[in-house]
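So this first bit is one chain, no partners, the form predicted alone, shown in structure tokens.
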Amino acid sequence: MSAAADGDENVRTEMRAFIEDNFLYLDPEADLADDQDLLAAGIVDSLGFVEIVEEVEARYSVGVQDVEITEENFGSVDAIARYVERKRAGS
């Protein structure tokens, strides 16, 4: 596994845990899939979306521009992991 893929998996694991701890604590039996649409599934609302963005900025030291706060970048655990890796790579 490449370093990038390894980092991607770490982000995936950490963000899944963050979302489970902060948004699914009332339903600990819920099974969060990495590709699950967080908004459509009702796991997060717009305020939760902001919390996730703030966590990504703090945890991974990446600056998130307003135009980057989209479902494409933050709509699922997979999307967040891809976004963080792109930002880390400088693109």
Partner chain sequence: MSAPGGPLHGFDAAATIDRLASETVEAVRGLGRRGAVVATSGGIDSSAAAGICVRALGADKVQLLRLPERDVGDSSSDLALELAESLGADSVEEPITAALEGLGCYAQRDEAIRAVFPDYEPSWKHKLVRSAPSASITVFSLVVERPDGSREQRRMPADAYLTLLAATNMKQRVRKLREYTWADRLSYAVIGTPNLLEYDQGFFVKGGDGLADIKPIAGLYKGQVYAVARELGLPDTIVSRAPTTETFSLPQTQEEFYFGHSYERMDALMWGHLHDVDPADLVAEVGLSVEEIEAAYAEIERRRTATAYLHAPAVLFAREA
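Computed from a prediction, not measured in an experiment: that's the story for all the values here. Residue numbers count along the first chain shown, from 1.
Note that the form predicted together with the partner chain isn't included here; everything after this is about it.
When contacts are defined as a non-hydrogen atom within 4.5 Å, none of T13, F18 and A33 contacts the partner chain in the model of the complex.
At a distance threshold of 4.5 angstroms between non-hydrogen atoms, F49 is in contact with the partner chain in the model of the complex.
Using a 4.5 angstroms limit between non-hydrogen atoms, D27 is distant from the partner chain in the model of the complex. Using a 4.5 angstroms threshold between heavy atoms, T70 counts as touching the partner chain in the model of the complex.
Contact between I43 and the partner chain in the model of the complex is not found at the 4.5 Å heavy atom cutoff.
In the model of the complex, E54, E57, V64, Q65, D66, I69, T70, E71 are the residues of 54-81 with at least one heavy atom within 4.5 Å of the partner chain, listed from first to last.
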